[in-house]
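Quick heads-up: it's one chain on its own, the form predicted on its own, in structure tokens.
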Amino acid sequence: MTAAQPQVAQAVVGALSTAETFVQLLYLAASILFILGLKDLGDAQTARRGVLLAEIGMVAAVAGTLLFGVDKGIIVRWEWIVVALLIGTGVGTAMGLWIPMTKMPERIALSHAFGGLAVALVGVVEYLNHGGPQMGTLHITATGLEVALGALTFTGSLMAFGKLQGFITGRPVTYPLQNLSNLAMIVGTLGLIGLLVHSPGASWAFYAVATLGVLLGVLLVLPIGGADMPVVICLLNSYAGLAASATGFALDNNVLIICGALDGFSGFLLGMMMSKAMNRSFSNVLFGAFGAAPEAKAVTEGAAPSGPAPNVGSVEEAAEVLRAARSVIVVPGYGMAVSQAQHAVRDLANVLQANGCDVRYAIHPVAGRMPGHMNVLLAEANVPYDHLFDLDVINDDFTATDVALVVGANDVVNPAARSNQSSPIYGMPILSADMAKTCVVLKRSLNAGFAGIENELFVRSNTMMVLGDAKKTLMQFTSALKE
């Protein structure tokens, strides 16, 4: 060794220390930006800034991870990173361009599926690279949880996408001993992870954990009905976040631990809030197979409802009711999203307001297929946010309202939730559209909604149904009011 070599070594150590410090500062900045972004996303007025802060935080986190990889000699070739970046950018761009905002729940489900798959694959690579026997207790535990949760999120999200898209029946699919077998698989997965802690070299147990994760994703979502999909989406978001957090422990990446924990627990809390909005317990949503209750009176697709016939009116009759109205509350639902009628709703509201009518929008917490679905669609149509009101705020106002205009909503305005104890939605808070002086319901047909039950609102004496495509009907209302 020459006299100059210790100085060079010291300089190298100093440079590495500086790089590590810079990486940790980037991680700290990213974590703070994620928290601030999440806080801003809680308010519509600051949501756009929240998205920007979170995006900047993600760029900082990725830059820090790449710098860490170079510093530690982990990244030795860039071509695969570039290829992965191009593929990810291509998939994300295609989803943004070709999946419309009306299909936002499906887009979110696919995003969760890709995230879960990525996490599971990282876990498998981590196990192969480090070799089971060389992995410590924390490392093998985190990797096992990462693979199990990632695989569960992947297949569970694909199941949710299939149900939302109609590839798989939206009705709950149940089978004997369903909950018992699911519980056995969960216990079995945790037991296998425990075995891996004791014997990290038992590769068969590692791949069995991955297989059980894949099966659990399918079997946990299959029995859940479409009406519970908002809670399922939140729960899958939670699984994806916890999987990412476990990946952070496996890779010793602090920002991934923090980011995953924020994602996981925010999804869990949102799921709890959605369950409360449906007056149901979290466990009942997960294991209740909503919509499968035999005592519930279900409506077969294509069949007319039993009991009194609904009052079906014409476009002209409904337009005259709206012309005379001084106050209107619009109740949007999934049907508005399907017909992409949000712009037509705004145009009609503009005409009504020009005639001196007060127009507001009532948003049910679980309207659509995921939390905030209606808010996003109406925001896309430039409906002022201060015209949107939550259920608790606006529900008492229906009794003093001339017209409740229900656009493609069904279960969230079904009075059976108040009065019919045999109904599977009994106890769920609903929007009191039936309390308005007149209720105009726009619907494509008399078929049941996502819960598969008859809607008592349709046969109320103060209800007028206008059948057909909501967007076309709203445009006809607007034309009639302009005459």
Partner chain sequence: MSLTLIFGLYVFFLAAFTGYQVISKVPHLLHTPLMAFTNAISGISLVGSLLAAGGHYGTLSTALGAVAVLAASINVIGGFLITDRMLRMFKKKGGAR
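Numbering follows the first chain given and starts at 1. What you are looking at is a predicted structure, and each value in this text was computed from that prediction instead of being measured. Take the two forms, superpose them, and find the largest set of C-alpha atoms that agree within 1.5 Å; that set is the rigid core.
In what follows, reference is made to the form predicted together with its partner chain, a form of this protein that is not presented.
Asks: Name the stretch, out of 191 to 199, 247 to 255, 332 to 340, 316 to 324, where some heavy atom lies within 4.5 Å of its partner chain in the predicted complex.
Replies: Selected stretch: 247 to 255.
Asks: Is it true that Ile233, Cys259 and Gly372, all three, sit within 4.5 Å of its partner chain in the predicted complex, judged by heavy atoms?
Replies: Answer is yes for this spot.
Asks: Counting non-hydrogen atoms within 4.5 angstroms of its partner chain in the predicted complex, say which of Gly136, Gly131, Gly166, Pro384 makes the cut.
Replies: Residue within 4.5 Å of the partner: Pro384.
Asks: Identify which of Thr399, Thr174, Asn279, Thr93 has a heavy atom within 4.5 Å of its partner chain in the predicted complex; exactly one of them does.
Replies: It is Thr93.
Asks: Are any of the heavy atoms in Thr155 no more than 4.5 Å from a heavy atom of its partner chain in the predicted complex?
Replies: No, Thr155 sits far enough from its partner chain in the predicted complex that none of its heavy atoms falls within 4.5 Å.
Asks: Looking at the partner-bound form in the predicted complex, is Lys39 within 4.5 Å of its partner chain by any heavy atom?
Replies: Contact check for Lys39: yes, within 4.5 Å of its partner chain in the predicted complex.
Asks: Indicate whether its partner chain has at least one heavy atom within 4.5 Å of a heavy atom of Leu26 in the predicted complex.
Replies: Answer no; every heavy atom of Leu26 is more than 4.5 Å from its partner chain in the predicted complex.
Asks: With a cut-off of 4.5 Å between heavy atoms, is Trp204 one of the residues that contacts its partner chain in the predicted complex?
Replies: No.
Asks: Enumerate the residues of 455 to 469 that have a non-hydrogen atom within 4.5 Å of its partner chain in the predicted complex, in sequence order, or give none.
Replies: The stretch 455 to 469, when checked against its partner chain in the predicted complex, contributes no residue at the 4.5 Å heavy-atom cut-off.
Asks: Superposing on the rigid core, does the Cα of Met428 end up 2 Å or more away between this form and the one not shown?
Replies: No, shifts by less than 2 Å.
Asks: After the core is overlaid between this form and the one not shown, has the C-alpha of Lys437 moved by 2 angstroms or more?
Replies: No: Lys437 shifts by under 2 Å between this form and the one not shown.
Asks: Aligning on the rigid core, do we see the C-alpha of Gly50 shift 2 angstroms or more between this form and the one not shown?
Replies: Yes, the C-alpha moves 2 Å or more.
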